[in-house]
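Next up: just one chain, as structure tokens, the form predicted on its own.
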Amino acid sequence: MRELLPLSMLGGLLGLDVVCFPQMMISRPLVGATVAGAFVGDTYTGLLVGATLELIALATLPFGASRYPEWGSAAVVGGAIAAALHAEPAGTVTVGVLATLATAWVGGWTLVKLRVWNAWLARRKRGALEHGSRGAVVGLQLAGLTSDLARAMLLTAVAYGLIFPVARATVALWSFDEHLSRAVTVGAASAVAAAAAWTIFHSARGARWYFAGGLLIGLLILAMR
């Protein structure tokens, strides 16, 4: 568990990027899982988990007051778990994706609680805010950033610490073939991605033909490799 501290720091940074700062897209699952895999010692497995998660994350539109999965910290957990268990390749990607989904669901709940916390802080400073106090505004901004960083770090540490032993035991008992396991996982993720993509752009003129063309080109590239 010596990797717990660097992973929690990475999870804190990526969790902060989701909403607060700097919003540079480094919290995308592809980035989070790949970097976490590199931290643990297997970048390739982390990349596989991240690419699969990106298909699922297409359905997430993180804006407004809606509740959505927190992919930044969760991808760190899933990528690191899969990379740490790469010696048993059959179930590692599947287990890593499942670990990410569980963490992302809890992460979405923590974001809601963070908003409640921020609102409570703002109510305490209401008088100063109404008078245009610069210090009150800056203080609330810093408090919100610090709270989000602490939330993401704690989420990453707790999720990794709790899920890793379960994941290790699951992979040890895994009986499905490596290729079958990955095919089922990626297939399910692709179905989610297709549904999300169609929901987003189906009303655009000619969208179905653009989609079909892009899919055909992608399949041709894959077949030519």
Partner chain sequence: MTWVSVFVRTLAIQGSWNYETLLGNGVGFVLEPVLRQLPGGVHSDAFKAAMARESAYFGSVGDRLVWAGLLPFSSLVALIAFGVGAGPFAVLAIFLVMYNVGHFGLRIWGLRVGWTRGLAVAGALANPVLRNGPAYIARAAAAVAGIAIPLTVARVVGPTCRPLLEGALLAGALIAVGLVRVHGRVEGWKLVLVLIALFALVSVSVAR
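Positions refer to the first chain, counted from 1. Just so it is clear, the structure is predicted and the values come from calculations on it, not from any experiment.
Although not depicted, the form predicted together with the partner chain is the subject of the following passage.
J.: Decide whether Met9 counts as a contact residue for the partner chain in the predicted bound form under a heavy atom distance cut-off of 4.5 Å.
T.: No, no contact at 4.5 Å.
J.: Is Ala87 one of the residues lying within 4.5 Å of the partner chain in the predicted bound form, judged by heavy atom distances?
T.: Flag for Ala87 set to no.
J.: Can any non-hydrogen atom of Ala150 be found within 4.5 angstroms of the partner chain in the predicted bound form?
T.: Looking in the predicted bound form, residue contacts with the partner chain do not include Ala150, since no heavy atom lies within 4.5 Å.
J.: I'd like to check something about Ala193: if you look in the predicted bound form, is any of its heavy atoms closer than or equal to 4.5 Å to a heavy atom of the partner chain?
T.: Yes, Ala193 sits close enough to the partner chain in the predicted bound form that at least one of its heavy atoms falls within 4.5 Å.
J.: Does any residue in 10-40 get within 4.5 Å of the partner chain in the predicted bound form, counting heavy atoms only, and if so which ones?
T.: Residues within 4.5 Å: Val19, Cys20, Phe21, Pro22, Gln23, Met24, Met25, Ile26, Arg28, Leu30, Val31, Thr34, Val35.
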